[in-house]
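Just the one chain here, laid out as structure tokens, in the form predicted on its own.
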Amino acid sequence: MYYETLILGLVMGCIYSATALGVNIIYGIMQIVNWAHGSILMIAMFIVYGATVLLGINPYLTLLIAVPVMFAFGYAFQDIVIRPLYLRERADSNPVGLLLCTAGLGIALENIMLMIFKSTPRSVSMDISLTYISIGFGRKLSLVKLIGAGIALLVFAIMWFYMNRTYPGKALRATAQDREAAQLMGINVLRYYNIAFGIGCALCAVAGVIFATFYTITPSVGTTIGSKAFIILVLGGKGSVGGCLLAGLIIGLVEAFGGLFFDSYTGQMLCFVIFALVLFLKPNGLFGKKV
């Protein structure tokens, strides 16, 4: 029983980490908290549902649709809406407008989808939806969750390569470290802000595709799932990609073992208890750098 719970916690931790990676990238580079993160994830889940039901596409192949669409949306939203606000508020130490902007986007997206699809729960079914595979010691685990964890780890590997081995990735890191110095080196900071926000939304779409394969889809689902992204952001350290993965694993294990020893609601509550304790004892996160 403990072995199965451990594996389930690690699998869900990987998926939660992928959920938080997008908001972590945006904050680490732009110093902006994307409060619309959960709503963007919800939009991606509805894209999966629509492509699967209307077009008969395999849910995993909808990554080829959802990721480019959400990247383009994020790039355009940053360029058209956030950029003017940033230029107006960059000298302000407390840019409230940017926070309200992303929060307003999240509320708008959720209510638009609620008007269109109502609150009726939807789900995506596949031939492997009810398939369980052996993980040893006579225990089994859902195949779609294992595939989701594999996709999450692949995304982390791709992002590590992109950020450390490509020029755009290095330019993003330089922009995150010192935007003024990056500008002096010829980096178009505002353009890379667009790219960063686009990447954050694209990563959110990946998480949406993963969750759509085993999670009920409703217009409010982003609030439920997205809350863990912010817990992981704080726990792992704002801007720390490696910390994001480790924090996701911690949250997955806490939730799994909390559900085992108590119940699922207590497991969820323990995640927020950890969130509050980290904010109080180590505001920079377990793996974040002091500022």
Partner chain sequence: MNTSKKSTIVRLAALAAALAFVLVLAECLNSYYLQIIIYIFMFAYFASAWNILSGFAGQFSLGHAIFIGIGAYTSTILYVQYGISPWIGMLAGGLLAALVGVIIGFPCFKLKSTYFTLTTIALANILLLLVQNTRKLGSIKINGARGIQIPAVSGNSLAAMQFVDKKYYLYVILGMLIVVLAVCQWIKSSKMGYQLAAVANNQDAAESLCVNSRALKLKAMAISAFFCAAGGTFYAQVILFCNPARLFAESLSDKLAIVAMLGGKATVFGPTVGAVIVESISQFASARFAGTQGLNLAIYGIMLIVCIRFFPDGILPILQKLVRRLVARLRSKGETTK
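Numbering follows the first chain given and starts at 1. These figures come from a predicted structure and were not determined experimentally.
The same protein has a further form, the form predicted in complex with its partner chain, not shown here; the description that follows concerns it.
Its partner chain isn't shown here, but in the model of the complex, which of 122-130, 199-207, 77-85, 183-191 has heavy atoms within 4.5 Å of it?
It is 77-85 that comes within 4.5 Å of the partner.
Of 257, 60, 46, 35, which residue is found within 4.5 angstroms of its partner chain in the model of the complex when only non-hydrogen atoms are counted?
Answer to the contact question: 35.
Answer with one of 151, 159, 101, 174: the residue that has a non-hydrogen atom within 4.5 Å of its partner chain in the model of the complex.
Selected option: 101.
Can you check whether residue 97 is within 4.5 Å of its partner chain in the model of the complex, heavy atom basis?
Residue 97: contacts its partner chain in the model of the complex.
4.5 Å heavy atom contact, residue 269 to its partner chain in the model of the complex:
Output for residue 269 is yes: heavy atoms within 4.5 Å of its partner chain.
With the partner left out of view, is residue 72 within 4.5 angstroms of its partner chain in the model of the complex by any non-hydrogen atom?
Contact check for residue 72: no, nothing within 4.5 Å of its partner chain in the model of the complex.
Against its partner chain in the model of the complex, would residue 265 count as a contact residue? Criterion: heavy atoms within 4.5 Å.
Residue 265: yes, in contact with its partner chain in the model of the complex.
When its partner chain is placed as it is in the model of the complex, are 111, 234 and 279 each within 4.5 Å of it, taking any non-hydrogen atom of the residue?
All of them do, each having a heavy atom within 4.5 Å of the partner.
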